[in-house]
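Here's a solo chain for you in structure tokens, the form predicted on its own.
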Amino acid sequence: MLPLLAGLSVLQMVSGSVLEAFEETLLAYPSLLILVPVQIGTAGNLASIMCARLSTQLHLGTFELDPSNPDVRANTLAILGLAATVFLAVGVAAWAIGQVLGGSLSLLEVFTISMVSGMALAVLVVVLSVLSVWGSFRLGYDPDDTTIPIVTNVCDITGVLILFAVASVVI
């Protein structure tokens, strides 16, 4: 577990450095500044839900790494549906708060950035969750102990990168 914790600590430092690289953009567009913590936090929560559900299925003996597995498909649809609902509300709220803070982005721009980056992050959450639960089990680790920290840390970095990639296209 120590190598895993050390690796995740390094990953968190990289995440902070990535965020610092986009400091000027965040200060220029307050709506993006609001979206960053909410997006990566929501992705982490979705990842925790997905990992916990898959890990429970694994312990019950019903988990199979197969796209035709109805339980995996149901969990995937639930995560994507929840993500669509949350990122829609987050986009509107970030725009409204950004307007109060003097933001210049339109509702359509903030909404598009929130939805596209959020849904891309949700797809990443599903893929990472399935692979981390399966990989952890195959390596002999209890997925309850390893998957949530791994997936949430990876989502922190990729969430920032995806958000700014989408923002650079939209703005």
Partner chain sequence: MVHDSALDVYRSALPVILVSLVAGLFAGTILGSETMRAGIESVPGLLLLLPAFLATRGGVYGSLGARLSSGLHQGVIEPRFERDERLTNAVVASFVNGMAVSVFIAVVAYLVLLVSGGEGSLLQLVGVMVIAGFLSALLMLSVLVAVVFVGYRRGYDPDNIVGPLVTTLGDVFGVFFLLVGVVLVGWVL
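Since we're looking at a predicted model, the values are computed, not measured. Residue numbers count along the first chain shown, from 1. Here, rigid core means the biggest group of C-alpha atoms that superpose within 1.5 Å across both forms.
Beyond what is shown, the protein has a form predicted together with the partner chain; the following relates to that form.
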| With the partner removed from view, which of 48-56, 132-140, 105-113, 118-126 is the stretch that lies within 4.5 Å of the partner chain in the predicted complex, judged by heavy atom distances? | 48-56
| said: I'd like to check something about L19: if you look in the predicted complex, is any of its heavy atoms closer than or equal to 4.5 Å to a heavy atom of the partner chain? | reply: yes
| message | Can you tell me if P67 lies within 4.5 angstroms of the partner chain in the predicted complex, counting non-hydrogen atoms only? | response | no
| message | Even though the partner isn't displayed, in the predicted complex is S15 close enough to the partner chain, meaning a heavy atom within 4.5 Å? | response | yes
| task | Verify the contact flag for V169: yes if a non-hydrogen atom of it lies within 4.5 Å of a non-hydrogen atom of the partner chain in the predicted complex, no if not. | result | no
| request: Go through 1-27 residue by residue and record those having a heavy atom within 4.5 Å of the partner chain in the predicted complex; state none if no residue qualifies. | output: M1, L2, L5, A6, S9, V10, Q12, M13, S15, G16, S17, L19, E20, E23, L26, L27
| field | Large Cα move at V14 between this form and the one not shown, threshold 2 Å, rigid core | value | yes
